[in-house]
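One chain comes next, on its own, written out as structure tokens in the form predicted alone.
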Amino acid sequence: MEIVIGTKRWSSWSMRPWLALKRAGAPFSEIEIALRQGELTAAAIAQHSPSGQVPVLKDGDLVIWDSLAICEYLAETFPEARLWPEDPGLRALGRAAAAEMHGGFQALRGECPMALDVREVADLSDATRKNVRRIVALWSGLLARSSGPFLLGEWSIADAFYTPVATRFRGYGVDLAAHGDTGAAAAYAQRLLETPEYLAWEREALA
């Protein structure tokens, strides 16, 4: 397998399937394309991606160009990795949580873009605060249902989807307690940033 990703410091979309690949223990190579270089970036991505976006997973002659689709493919290809839980209820909730991240939280994305080297305290808009409150409620509810330590109990694709959010909360100094957290969400965010898979990504991103 080969995964084509964007600059690790910035590409939250690329991080998600990369983490799932690492967790699955799948042997893979990677191509990292430099983002934010205009036509050069677009031309480099176009060599690999039918959508003109990254990430892209190549498995033989199969090309998959969406982060959620890549993760689902990995879950089916490597069932022993248990990238989704066996419990159908938790699995459905995890998919709903991943899909909500995949298609939502636009204010947070725009106002606090992923940048692993940023350390500041952002003045959040009302729209972004609403996003943060929803994420805190979502995390807290799933952690209470599953008993943790991750959203669905064991680490899953849902956690891959929210790891970039944890980097945003850290980088932009977002106080989760001010958005309804009683401690569980902040502790979970910290756990995401301590997984071996994330730490490997971060080391390579900041090298």
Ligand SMILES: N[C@@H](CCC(=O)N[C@@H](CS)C(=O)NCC(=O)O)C(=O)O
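Residue numbers here begin at 1 and follow the sequence given. Given the structure is predicted, the values throughout are model-derived calculations rather than measurements.
The same protein also has a form predicted in complex with this ligand, omitted here; what follows describes it.
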The one residue among I157, V54, V165, V174 placing a heavy atom within 4.5 Å of this ligand in the predicted bound form is V54
Note: this ligand not shown here; in the predicted bound form, the stretch from 23 to 31, 62 to 70, 141 to 149, 178 to 186 having heavy atoms within 4.5 Å of it is 62 to 70
Item to complete: Verify the flagged residues A97, F105 and V132 against this ligand in the predicted bound form: is each one within 4.5 Å by a non-hydrogen atom?
Response: no
With the partner left out of view, is T195 within 4.5 angstroms of this ligand in the predicted bound form by any non-hydrogen atom? no
Query raised in the report: Is the gap between A44 and this ligand in the predicted bound form 4.5 Å or less for some heavy atom pair?
Result: no
Contact check, 1 to 26 vs this ligand in the predicted bound form, heavy atom within 4.5 Å, ordered by sequence, gives S11, S12, W13
